[in-house]
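Quick heads-up: it's one chain on its own, the form predicted alone, in structure tokens.
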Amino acid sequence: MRAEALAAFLRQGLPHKRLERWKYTDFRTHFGGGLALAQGGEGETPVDLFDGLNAHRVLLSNGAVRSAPEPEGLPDGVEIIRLADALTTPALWLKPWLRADRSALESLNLAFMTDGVLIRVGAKTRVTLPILLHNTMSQAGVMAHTRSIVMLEEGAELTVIEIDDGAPSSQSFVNSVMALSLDDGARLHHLRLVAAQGPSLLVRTDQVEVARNARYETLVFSSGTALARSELNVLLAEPRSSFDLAGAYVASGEELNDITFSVTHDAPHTTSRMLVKGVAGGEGRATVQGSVIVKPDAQKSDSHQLARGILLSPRAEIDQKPELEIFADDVKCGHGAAIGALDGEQLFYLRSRGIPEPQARAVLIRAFIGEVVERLGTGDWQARISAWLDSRLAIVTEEAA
């Protein structure tokens, strides 16, 4: 499998702007090359944003699982297995998750994957505590390829929180693939926070399949690293399956944030909702690409996507590209996209009430992002993410001053 995957990658090469899905994120020009494979050394672990949070924790450091919950510490019906352990005694059930027929970076991942986690939640099992996947890259000049699998059996419910952090001194590359499978009636709440810093390149690719009456909800927050791409490919495979995405990005300095998603309605009475908002300042760039495909048999499908961005600098750039491909005749689908600057009248109103201009800008930007932040709800980990986002907004607001 590794040999086939490497051959597939060599045929395709690194992604570049002549590929439609990479038109605004030319990975080839950002990738410096000459990176060795990460060996999973411990390195320096940054301050954990979720330190002290009551959760089942998995730490992946520099491409390898450093710590994971012991089986006796997990609820009945929940399994967390290191991929490295699973590969020592490969079984037929693992093979469908190791495919090399997709994108070039997924093939590269399969060729050199080192570790990851396999999470299985048994039928009718409701996991009360979240599973926290802490992915950190502290080594410079290396690339790490991790692959994880999340399987929810019939009627299961789970919350997964992922955080990517680390601040290597020179370029590193994290290429992560995750496969998520939801059986009938399952519910998965998936939060991803990209909080890495410095010259890191981070590409995360999710392959999601949602069965009858199942629901997949995901929140994506991204800011801080040189290049961060979150790509989701979702298949609504059976009737009354649904998908909900909300995302927010803050691109400051010379950062590039890319949120790309593709949703295929393959069955009737399926639903998808996508909302992405963000701001770009300095020479920051952001890309939001959303593709919705409604197959001929997917009658009564309901889909809507909305992307909005604010430019805080004449040198910043935001590219948005919504797509709809509809092959059924009884559907409800729509999309919207808008890019602009802060409203001058609103800014004047706040300043006329004695609010200094930098603070007034911060109020308006926070209110703009608030529609996504509200999806977090209330609680301990939600408050931590909101505070982190405020710190990132303070940076981009200061640049715009």
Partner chain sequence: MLEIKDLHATVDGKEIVKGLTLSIGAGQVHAVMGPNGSGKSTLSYVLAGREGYQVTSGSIIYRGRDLLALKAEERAAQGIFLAMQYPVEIPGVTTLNFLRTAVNAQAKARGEPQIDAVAFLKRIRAVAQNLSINEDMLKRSLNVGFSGGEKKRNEILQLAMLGPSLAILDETDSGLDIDALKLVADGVNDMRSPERSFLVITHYQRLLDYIVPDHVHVLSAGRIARSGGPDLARDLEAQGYERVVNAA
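All figures in this text were calculated on a predicted structure; none of them were measured in a lab. Positions refer to the first chain, counted from 1.
There is also a form predicted in complex with the partner chain; it is not shown, and the following applies to it.
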Using 4.5 Å between non-hydrogen atoms, is S67 touching the partner chain in the predicted bound form?
no
Is E357 close enough to touch the partner chain in the predicted bound form, meaning at least one heavy atom pair within 4.5 Å?
yes
Close approach of K332 to the partner chain in the predicted bound form, 4.5 Å, heavy atom:
no
Is there a heavy atom of A367 lying 4.5 Å or less from a heavy atom of the partner chain in the predicted bound form?
yes
For the partner chain in the predicted bound form, the stretch among 334 to 342, 358 to 366, 57 to 65, 22 to 30 with residues bearing a heavy atom within 4.5 Å is 358 to 366
Exactly one of L53, L35, L350, L49 comes within 4.5 Å of the partner chain in the predicted bound form through a heavy atom, and that residue is L350
